[in-house]
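Next up is one chain by itself, shown in structure tokens, the form predicted on its own.
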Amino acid sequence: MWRNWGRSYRAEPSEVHAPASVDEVRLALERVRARGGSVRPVGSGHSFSAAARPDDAQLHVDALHGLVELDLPARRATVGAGTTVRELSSLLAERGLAIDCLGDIDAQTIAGAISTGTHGTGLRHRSIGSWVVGATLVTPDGRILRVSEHERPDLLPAVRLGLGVLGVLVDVTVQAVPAFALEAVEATVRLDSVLDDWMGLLERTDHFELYWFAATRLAVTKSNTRVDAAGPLAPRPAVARFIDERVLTDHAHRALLAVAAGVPRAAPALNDLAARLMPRGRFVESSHVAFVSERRVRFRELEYGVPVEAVPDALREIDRALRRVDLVPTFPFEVRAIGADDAHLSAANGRATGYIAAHRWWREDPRPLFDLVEPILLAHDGRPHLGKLHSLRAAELAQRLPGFAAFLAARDELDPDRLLASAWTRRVLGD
């Protein structure tokens, strides 16, 4: 049985393929195609949506792994599609390079991360997929297709967020940047002070995000400033990291969630406590270390991208709506901002975007929270993150995603027989 990390979906695939070479990928697709079946590629299972859930067969890319080619003068690295973001970051760091902007989870395969629209934060920066300058796919009919700035460049905006429906990624080429470090400052502040200065904070800070705890007026801000990687680092001490990542983030957080689930009236006080315990002060670490946070407590997530300037109004409206129905989720809302990109299915396609994410502990029903938050974000011209939970179908997505029609055209060319389809892809992309 397969389950995703957030435990929102599971499946019992009829077949599981784990190819260790391009030829084995071709053979697996040929076998499924010959019997009239379907297959879904899967990475690390970190999507909260059913993007990787198969109706029939499943194909893992884990064995397609490691550094394939490095062009150091051009700062470009080609890695196997099953290489995790963490491993890619380490490979680059050893050579004085880095990914420009990472999310806070790095356990995904690079194929899964770009196929679902993984992003970090930073108004002058873009999602991981934006840094993909080339990729090799095995198409459903068994062809080897190279997509790059020089070979089928028209397909790059589709491949940069491909949902695993264009072909099976076997390698990915990323454009890296010189290695850098981050001076991170985390603090508990008044929510209104952040929202009143939202655009100013984004413009003054390289990578800014906030966590807001419902039923409180508190936010935890994380401000990361880029500094020279050759300069002195001031990493978190090992003991402090252990206390933060294992004691507070894991055991204490899980205990607070259990108490709030059993005694809902305690949730506001527990959120206030969590907001005051969460910050870790100031530290300076290599970018691929500072960007990332441990996520040991499982949750489910809905995330929408709205025009970046709409974030304060949207968040205040969510606050008012939660208070009206006396709903107090005990996971914080996460708010980030990212620059515009060109991926057809990206929530940030063509516009600077503020992402607002709602979370619910995996042992609690997320629907009351998500059903309240989603209409508010839609009313603010929201576009769903397709790797997260949402309720939209193909016709609605076609109205909200500017590149939707172009993506469908690429899919029709590469998989006209829908070998890579599933119930989920039919819902979000149509037949």
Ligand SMILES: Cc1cc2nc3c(=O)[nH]c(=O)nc-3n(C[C@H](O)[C@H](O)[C@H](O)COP(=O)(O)OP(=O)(O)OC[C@H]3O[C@@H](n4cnc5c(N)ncnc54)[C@H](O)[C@@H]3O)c2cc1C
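Throughout, we count residues from 1 along the sequence that is shown. Note that the coordinates shown come from a computational prediction; the quantities given were computed from them, not determined experimentally.
As for the form predicted in complex with this ligand, it is not shown, yet the points below apply to it.
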Query - Non-hydrogen atom contact residue 44 with this ligand in the predicted bound form at 4.5 angstroms - result: yes
Query raised in the report: Would residue 111 count as a contact of this ligand in the predicted bound form, using a 4.5 angstroms cut-off between non-hydrogen atoms?
Result: yes
Query raised in the report: With a 4.5 Å heavy atom cut-off, would you call residue 167 a contact of this ligand in the predicted bound form?
Result: yes
Query raised in the report: Wondering, does residue 315 line up within 4.5 Å of this ligand in the predicted bound form on heavy atoms?
Result: no
Query raised in the report: What is the one choice in 369, 389, 377, 52 with a heavy atom within 4.5 Å of this ligand in the predicted bound form?
Result: 52
Query raised in the report: Considering 132, 176, 81, 343, which brings a non-hydrogen atom within 4.5 Å of this ligand in the predicted bound form?
Result: 81
Report summary line: Counting only non-hydrogen atoms, the one stretch of 180-188, 227-235, 295-303, 142-150 within 4.5 angstroms of this ligand in the predicted bound form is 295-303
Query - Sequence-ordered list of residues in 73-104 near this ligand in the predicted bound form, where near means a heavy atom within 4.5 Å - result: 81, 103, 104
